[in-house]
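There is one chain below, alone, in structure tokens, taken in the form predicted alone.
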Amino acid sequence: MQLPLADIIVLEFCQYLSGPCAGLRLADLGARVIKIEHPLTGEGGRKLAIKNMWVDDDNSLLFNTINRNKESFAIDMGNAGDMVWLKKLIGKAHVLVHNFRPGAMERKLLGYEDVVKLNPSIVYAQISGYGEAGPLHKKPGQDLLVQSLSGLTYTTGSASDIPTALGLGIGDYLCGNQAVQFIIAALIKSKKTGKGTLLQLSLLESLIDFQFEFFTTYFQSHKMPQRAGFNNAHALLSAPYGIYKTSDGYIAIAMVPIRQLNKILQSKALEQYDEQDCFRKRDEIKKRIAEKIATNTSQYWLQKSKELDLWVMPVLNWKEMSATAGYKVLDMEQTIKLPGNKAFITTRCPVRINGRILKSGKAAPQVGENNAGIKASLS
């Protein structure tokens, strides 16, 4: 299958998560993504291990997950001879992505104004932690720190909980994927006009955008959104929205009219409430719902909800979810082949093209693995 970004060359001057996430998706779409790395150490993400899981002595499992299906060109940007090769490669590229702190690429004479002289049509995307100016703009952009600054930690957990972070690198993933959207748009412009584009993104801006509901509400009301005191799942939504403990597990109840829900709960205590009460008295209502839900099994409530077509689902862990028929039909897993007859399983690109699933078993490159081939193509 001819992928949409076939023949597009992307230079990835990136480390850790946000930039490599963008490169991963561009590679999934068919682009030739070349990591530009230091010849001795490679990029920092090679040593970033989650739960101390490694594929070999030099490369973490996390690095291999995010950098599959890429190439590596190892050069020393302090070496004049290496810079000659790099500038030749920039001249042939369509996209350059970096997630270094503001000013780092400019000091190497590789800022947008420098690069566009070498390649007038290039799409140049730079990702920072906090934007291009201000008191924090030269600080390292780490996801937990950006979550903490953005207000996001006051959306998870209930009112009595301390500020609670989302348990994954949401800012990195969002910013990386937003970069892909705008890179593709800029590639269309480049194709039409022959002119390059400078794209500037930051983790902080991505997380603020992610919370548009909360910020819009705050701007109009001048009041902070308040997490529910009990079973909070969304600070702006009323009862019954939340997760409830059953006698043998948990179920999630989404936007369901309270009296419709009570047709299956049959709670005398809930009969006094109507829809107008569901936000003003949401903690009180949620507690009454929880008391009733706890009296029977998850399957019992799911069956009752199905009869009335209510928005109720089981709460599954990864082991339980991966055993379901719904998960299996999605075919979300792929095998990445490693040297020495080794392999590991990860998830695939979540998009189908013309009905076909996109998978690639190509492993992340070793540092400088593709130097010889790239130099031969530039000679």
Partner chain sequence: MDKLLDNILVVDFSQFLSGPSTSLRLADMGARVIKVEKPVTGDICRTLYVSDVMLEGGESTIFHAINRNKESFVADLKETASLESVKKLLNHADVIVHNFRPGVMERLGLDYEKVKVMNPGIVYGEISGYGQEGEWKDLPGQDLLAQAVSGITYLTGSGEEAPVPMGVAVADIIAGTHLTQGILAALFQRMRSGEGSLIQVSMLESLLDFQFEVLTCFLNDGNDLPVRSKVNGAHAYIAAPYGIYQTADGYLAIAMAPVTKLADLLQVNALCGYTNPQDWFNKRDEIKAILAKALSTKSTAHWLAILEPEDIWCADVYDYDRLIVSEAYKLLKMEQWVTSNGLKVKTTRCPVRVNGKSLTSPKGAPSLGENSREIEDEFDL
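Just so it is clear, the model here is predicted, and its values are computed rather than measured. Positions refer to the first chain, counted from 1.
A second form of this protein, the form predicted in complex with the partner chain, is not displayed here; the remarks below concern that form.
- Comment: 188-196 is the region of 287-295, 188-196, 103-111, 73-81 lying near the partner chain in the predicted bound form, near meaning a non-hydrogen atom within 4.5 Å.
- Site annotation in the predicted bound form: the residue of Ser121, Gln260, Gln142, Gln303 reaching within 4.5 Å of the partner chain with a heavy atom is Gln142.
- Checked against the partner chain in the predicted bound form, the candidates Ile90, Leu174, Leu270, Ala228 yield a single residue with a heavy atom inside 4.5 Å, and that residue is Leu174.
- Of the heavy atoms in Gln200, some are within 4.5 Å of the partner chain in the predicted bound form.
- In the predicted bound form, the partner chain sits beyond 4.5 Å of every heavy atom of Leu308.
- Proximity of His234 to the partner chain in the predicted bound form: non-hydrogen atoms within 4.5 Å are present.
- At the 4.5 Å threshold, heavy atoms of Thr155 reach the partner chain in the predicted bound form.
- Contacts with the partner chain in the predicted bound form, taken as any heavy atom within 4.5 Å, map within 341-356 to Phe344, Ile345, Thr346, Thr347, Arg348, Pro350, Val351, Arg352, Ile353, Asn354, Gly355.
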